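Listed next as structure tokens is one chain, alone, in the form predicted on its own.
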Amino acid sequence: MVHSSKSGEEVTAKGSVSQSSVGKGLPRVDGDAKVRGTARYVDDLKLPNMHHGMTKRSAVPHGILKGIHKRDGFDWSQVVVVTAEDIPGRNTIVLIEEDQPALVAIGAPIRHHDEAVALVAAPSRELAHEALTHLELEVEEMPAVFTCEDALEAKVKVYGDDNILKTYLIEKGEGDIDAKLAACDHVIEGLYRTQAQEQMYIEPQGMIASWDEGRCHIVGSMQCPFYIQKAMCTLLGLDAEHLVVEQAVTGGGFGGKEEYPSMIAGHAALLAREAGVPVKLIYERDEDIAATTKRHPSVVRHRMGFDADGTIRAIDVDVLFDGGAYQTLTQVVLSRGVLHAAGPYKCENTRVRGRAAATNTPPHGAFRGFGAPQTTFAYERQTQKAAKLLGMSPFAFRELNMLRDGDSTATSQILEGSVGSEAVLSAVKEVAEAYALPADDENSSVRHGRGISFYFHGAGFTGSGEARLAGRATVALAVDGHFEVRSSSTDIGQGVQTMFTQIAATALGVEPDVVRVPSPATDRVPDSGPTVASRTCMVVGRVVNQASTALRERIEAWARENGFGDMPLRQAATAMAKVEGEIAETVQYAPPAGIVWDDEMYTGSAYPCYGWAACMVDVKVDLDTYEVTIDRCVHAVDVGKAINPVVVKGQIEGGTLQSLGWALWEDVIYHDGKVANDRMTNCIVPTFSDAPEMHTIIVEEPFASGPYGAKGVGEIPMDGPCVAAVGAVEDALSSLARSEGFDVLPVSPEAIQRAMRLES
């Protein structure tokens, strides 16, 4: 067994000491290849006789496909065309529900602009692109609906009779919520709108597919290899043994490469099957922005009732998400949104209603934070307004109402351990007190402001999700004496390979350089579950830790029995491998005891634990141009334990900048359901020149069931900096603009101008 000494070293069973690598900022194991340019992304890969695939897409938001015609006069001899008629299995992309086709069939509905209708492949991209221009679609156009609020009227049917994709209801407390609100000294009601957000990963979507004697091999940019394998078995009519999915080096995902790669993998596989040669299908950036999933737009109505001293007594929230044309991951995104909608605050009387509506826009899906950023924006705007109404400091109002250890959430979950609420808010408060805002000169066109936000994020899958998934990981001693961590958790830039190396090396009692973490392939690794939901470190990392510990104990037992008991573990392992060959330990995840969740009533332990965070943003606003400059961002995040503080800090700061971009600059514009700004020149995201001075504070309130106390960190940095920035803008313009002018994202220069006109 491994026991921690006071110095942080690890003591082996035979008494020797090896330094723990957990908690150290070791260099990333994939860093050298990426810096030197030797890492091979999917578009770097080439196979013999490989063709290039492209997608023919719809040009209307809603209609019936009547025909697909090859234009006469074009030489089709080198071009392969695939339509829905060529699909050997079922024409569906399997995920939560089977409502999205891989290709629209003739006679079937087109439900959004840029929906995939047909595919072409040719020996060159140029020829494939030319072929697309000679493929004509015959479509009977139909009326369309473009907003979730209009969709609720069901004048245009997109999904069922009411266009409702999913509903949830959370209730806590006895009696009517309206009566509870009426009894409060103060009630604040707000309507909050957030926009779609493009993931803008550095590498666009892409896949390569090839066939060999009835066996299909797919390699590409992805987050979830087993999601793709499951979807492809249905689409291609294969069993899992005849379908291998392998991750290439992946340049970012942020949720956008969770479920959508199944679509591209299916298209590449269908083309390769028809062409008889490997096919590469890589999206150009405009196609990627136009056709793939984004963050769900939202409309949230929030009522908060509180006493004269600021104590919150009742909360009523109505959450409406725009799901787009198909389900994709809308159910889980909406679930996460409603579970966080009441915020990290004590309240005995709570009602949260959640709905997602179908529209004739491209489907929305997962994006870092998935659902929580939308509702965090609403509840923290409410707390900003409440503190202002009562004349309380933003810290005092939150300190009065925050959830602490032993309190219960909106789902009546009792918080027990790893509750960093007080620690994160205190950390930010300390910095705020040390740095005063500059005094404004009335003769200057610049105004300064400060905003505060406080929030939480559930780590891992909701409720019984992890128990149903039962993710597994393997740690093996290879014949060459190295150790190998095998899981389906993908490194998409967030540092999984480095983190798993440190966890395994520490549990094994060896140096990190003897541990390898290969990229996943479905025929070489167990199904650990998807790389989503801040579960990789907390859930899969725990299993890696357990498997490493089991393997170590097995090696130590063999060493004692065979006269190698005095050897360091690495030498004993090498000796064992020469005699026994490869040795492996596989462990399946078991949730912590006491996780009780009612899926029907949506009550109980929604998550095994929560991350906690607080953020302070200082801005200056130019009254002439209405531009916002972020001067300082202080972000304190409780991560349980930072396995690699450098990697964790990078995760926090990356998510922080994405959140600030969503607040102030980013806006996906739809015209009649089609993305109008499908270029990086006009679909703007912040760059390093927009990044403020960042003061990142890592808080560690260990989670007993996480590896070395670690819990999720990937999602939570996205949730709160946005609303802190908006609060800072409001603070800067407090005498010049009305509060409701900042209840819609993004708070762009145009929005600031409109808000100031409200006051005048």
Partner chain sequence: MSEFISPRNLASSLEARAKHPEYVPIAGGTDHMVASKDRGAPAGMINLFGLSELSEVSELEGGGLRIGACVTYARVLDDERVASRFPVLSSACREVGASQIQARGTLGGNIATSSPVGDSLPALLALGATICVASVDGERRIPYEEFLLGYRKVDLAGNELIVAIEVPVQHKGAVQTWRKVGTRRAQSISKLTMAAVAHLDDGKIAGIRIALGAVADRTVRAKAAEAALLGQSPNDESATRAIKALAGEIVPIDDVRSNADYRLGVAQNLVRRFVLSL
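Numbering follows the first chain given and starts at 1. What you see is a predicted model; the values in this text were computed from it and never measured.
The protein also exists as the form predicted together with its partner chain; that form is not presented, and the subsequent description refers to it.
* To do: Look at the stretches 519-527, 416-424, 679-687, 597-605 and give the one with heavy atoms within 4.5 Å of its partner chain in the model of the complex.
  => Selected range: 679-687.
* To do: Answer yes if any heavy atom of L623 is within 4.5 Å of a heavy atom of its partner chain in the model of the complex; otherwise answer no.
  => Yes, contact at 4.5 Å.
* **Distance check, I669 to its partner chain in the model of the complex, heavy atom within 4.5 Å** => I669: yes, in contact with its partner chain in the model of the complex.
* To do: Using a 4.5 Å heavy atom cut-off, state whether S445 contacts its partner chain in the model of the complex.
  => Although its partner chain is absent here, S445 would touch it in the model of the complex, with heavy atoms inside 4.5 Å.
* Using the partner position in the model of the complex, report whether Q78 sits within 4.5 Å of its partner chain, counting heavy atoms only. => The answer is no: Q78 has no heavy atom within 4.5 Å of its partner chain.
* To do: Would you mind picking the one in Y159, F395, Y589, W665 that has a heavy atom within 4.5 Å of its partner chain in the model of the complex?
  => If I apply the 4.5 Å criterion carefully, the residue I get is W665.
* So which of E511, E189, E627, D185 reaches within 4.5 angstroms of its partner chain in the model of the complex, heavy atom to heavy atom? -> Flagged contact: E627.
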